[in-house]
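Given as structure tokens, the chain that follows is alone and in the form predicted on its own.
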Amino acid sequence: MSTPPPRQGTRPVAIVACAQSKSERRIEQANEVELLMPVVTEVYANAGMTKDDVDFICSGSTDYLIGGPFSFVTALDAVGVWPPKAESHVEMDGAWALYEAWVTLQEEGKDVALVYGFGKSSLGDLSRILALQLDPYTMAPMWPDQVSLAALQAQAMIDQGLATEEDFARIASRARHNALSNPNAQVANEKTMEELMKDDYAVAPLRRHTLPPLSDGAAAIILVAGDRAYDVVDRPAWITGIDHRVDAHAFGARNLAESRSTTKAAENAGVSAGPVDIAELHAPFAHQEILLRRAMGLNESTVINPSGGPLAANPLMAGGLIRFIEAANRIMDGSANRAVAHATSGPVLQQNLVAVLEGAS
């Protein structure tokens, strides 16, 4: 038993247990609390823990979906509000809640953290909701939807000779095939690139298959600092590097066909320090997988999104955290020694969080 030394921070931190709901287009029989409760129960069971074992709780969600303020407070009913615990919330994907929990566990005296993210895309109009992320003076008043903005990015890649529409279809075909082995996937089937190329355009050059499904879902992770991780699982998924970077808010201030924030985050997380067996990339649109792979310098030997990725299931505010779950599960089951987990937020890959997960040798 050996613990990989942390490349960042002062204490090694590992993912030791995960749980997620099956992603569905519309879960009408459960509200957000009822959606989250079985996931939290499952992650505690997988870790052999209860709330009493947890020192810190952090969640990721958005009030804009439910249409009322402080909905994340209501969600605490799924965790249990008594006795009280140190708790925090990010108005972001649950992956950023994991980042905050990782920072918190660098403190002595806090050893275990529960992280969760949840969202029901079916509750609102994402085209309107996500437009609120844009510059409030120059962009948001025009209400551009997320698909149209992604199409601008895809066209920029085509114009610069970095990809073709056929490349997008190949990625979508592989994602759907990989998702057949993922019981939590929403879109899983066998369709060739040629078959997918017959799809209608959503917004040119993006066809229907290049878009993520609208998903309801939730996910949870337990983090443990130090050798206590081995009390939970034989092979913890150690976070040996993690970093978050942000590109310019204004689209005209950056080249949409590249992602400098991803490159910088990958450098700081230490992605290039060794071979990467698998990478779970939060690329909601097919062309973004190509862009992210280039930005991180991942070679052809790295298996991308063996779970199917966000083209198979993409619950808002949990899609990025699920990338950590899928990467960590492959470390813990021994099918990978070194993995990359990535999450994005904001329009056309504005914010990017990159982490390296490793199993002890």
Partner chain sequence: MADPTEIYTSPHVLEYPYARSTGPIIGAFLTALRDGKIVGVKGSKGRVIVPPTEYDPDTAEETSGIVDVGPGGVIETWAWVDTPRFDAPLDTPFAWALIRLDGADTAMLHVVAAPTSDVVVTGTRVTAEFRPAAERVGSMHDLRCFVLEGK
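Note that this is a predicted model, so its numbers are computed, not measured. Numbering follows the first chain given and starts at 1.
Heads up, the form predicted in complex with its partner chain isn't pictured, but that's what we're talking about next.
**Student:** Would its partner chain in the predicted bound form be within 4.5 angstroms of a non-hydrogen atom of every residue among Ala273, Leu298 and Ala360?
**Tutor:** None of them does, since no heavy atom lies within 4.5 Å of the partner.
**Student:** Which is the contacting stretch out of 227-235, 191-199, 253-261, 273-281, given heavy atoms within 4.5 Å of its partner chain in the predicted bound form?
**Tutor:** In the other structure, the partner sits against 253-261.
**Student:** Can you tell me whether Asp167 touches its partner chain? I mean in the predicted bound form, with a 4.5 angstroms heavy atom cut-off.
**Tutor:** No, Asp167 is distant from the partner.
**Student:** Can you tell me whether Leu180 touches its partner chain? I mean in the predicted bound form, with a 4.5 angstroms heavy atom cut-off.
**Tutor:** No.
**Student:** Looking in the predicted bound form, any heavy atom of Met49 within 4.5 Å of its partner chain?
**Tutor:** Looking in the predicted bound form, residue contacts with its partner chain do not include Met49, since no heavy atom lies within 4.5 Å.
**Student:** Does at least one non-hydrogen atom of Pro144 fall within 4.5 angstroms of its partner chain in the predicted bound form?
**Tutor:** Although its partner chain is absent here, Pro144 would touch it in the predicted bound form, with heavy atoms inside 4.5 Å.
**Student:** Find the only residue in Leu214, Val187, Leu152, Leu162 having a heavy atom within 4.5 Å of its partner chain in the predicted bound form.
**Tutor:** Looking at the other structure, the residue within range turns out to be Leu152.
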